[in-house]
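Single chain ahead, by itself, as structure tokens, in the form predicted on its own.
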Amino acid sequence: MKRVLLLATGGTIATQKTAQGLVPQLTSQQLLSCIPEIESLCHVDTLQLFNLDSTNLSPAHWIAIAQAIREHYAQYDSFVISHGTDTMAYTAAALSYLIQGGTKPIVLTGAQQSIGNRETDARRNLYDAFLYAVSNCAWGVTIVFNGQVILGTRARKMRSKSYNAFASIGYPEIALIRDQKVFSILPKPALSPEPVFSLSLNPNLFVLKLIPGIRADIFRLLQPAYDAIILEGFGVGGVPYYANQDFAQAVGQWVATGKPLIMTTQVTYEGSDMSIYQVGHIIKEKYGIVEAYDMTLEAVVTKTMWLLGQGLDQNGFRDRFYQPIQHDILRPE
């Protein structure tokens, strides 16, 4: 029987009602006690890392989760992480960069309702997470939710209340779970036997969402405080190119400082392609900004934090950003 470590971090799945609203309070052992069927799947040990609403999780918590997995990696066959849904996609993406390779699956799950509620998705999701974690087709960092198995670099929360909260963006789900059976969709890739842990992040970046009429001096205001900007442009990657070119020049001035500027899109599906329209093409060609193409924002954010933590120069950052990790980026030919 396989050995699985449950790392509990809090989230809605572990909440109880208080006078101030729902608060994570249930322990990892209490979660497991609600699903005795898991005992027939594997031997489970638990580790209560923290008990927080996922809104309160930060990059420091992602590193703590990765460190805990590194410390226990030799003793277990796989790892399940119970987590709040609001920032689960960020954590899953971050762990995909902090823990690369290795044959042991790392599975995140949670719920839209507390496991103590009569009508809840928590029991199914947690059981499915263990079911997938011990299956022979399991690999990588994934989110298991509502019967879907989604790569950590491809997951996004799309609904705030419904049970089908997550979607796989720009890449197929790698498996489905139906009637307590795992159906593999994509074959398990060749994996290095030992993972590479890279437990350094620099969270000092800013996500700038463009709006019509945005002022160019925003870059000057941000420049002293941040080490990178992720620019959420319009459509396939449109950036304002005014007649006086103030905005384009501000982009160029940021790039000239040696700090990365990564272009992504506000549109959820189908990604960016700055070569299509003049409003993207000119700025990319002139200033050589990094383009995220079909990456999720969660992956762009966490990959940028990870690469900033490596202390790379601008060219090194660009080269490493474009190297796919767990299918996070698909660039057009």
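Note that this is a predicted model, so its numbers are computed, not measured. Counting begins at 1, following the sequence as shown.
Heads up, the form predicted together with ligand ASP isn't pictured, but that's what we're talking about next.
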Subject >> Heavy atom within 4.5 Å of ligand ASP in the predicted complex - residue from 85, 125, 78, 148 >> reply: 85
Original post:
Among 291-299, 66-74, 47-55, 29-37, which stretch sits within 4.5 Å of ligand ASP in the predicted complex, heavy atoms only?
Top reply: 47-55
Original post:
If you check in the predicted complex, is residue 111 within 4.5 Å of ligand ASP, heavy atoms only?
Top reply: yes
Original post:
Across 11-27, which residues bring a heavy atom to within 4.5 Å of ligand ASP in the predicted complex?
Top reply: 11, 12
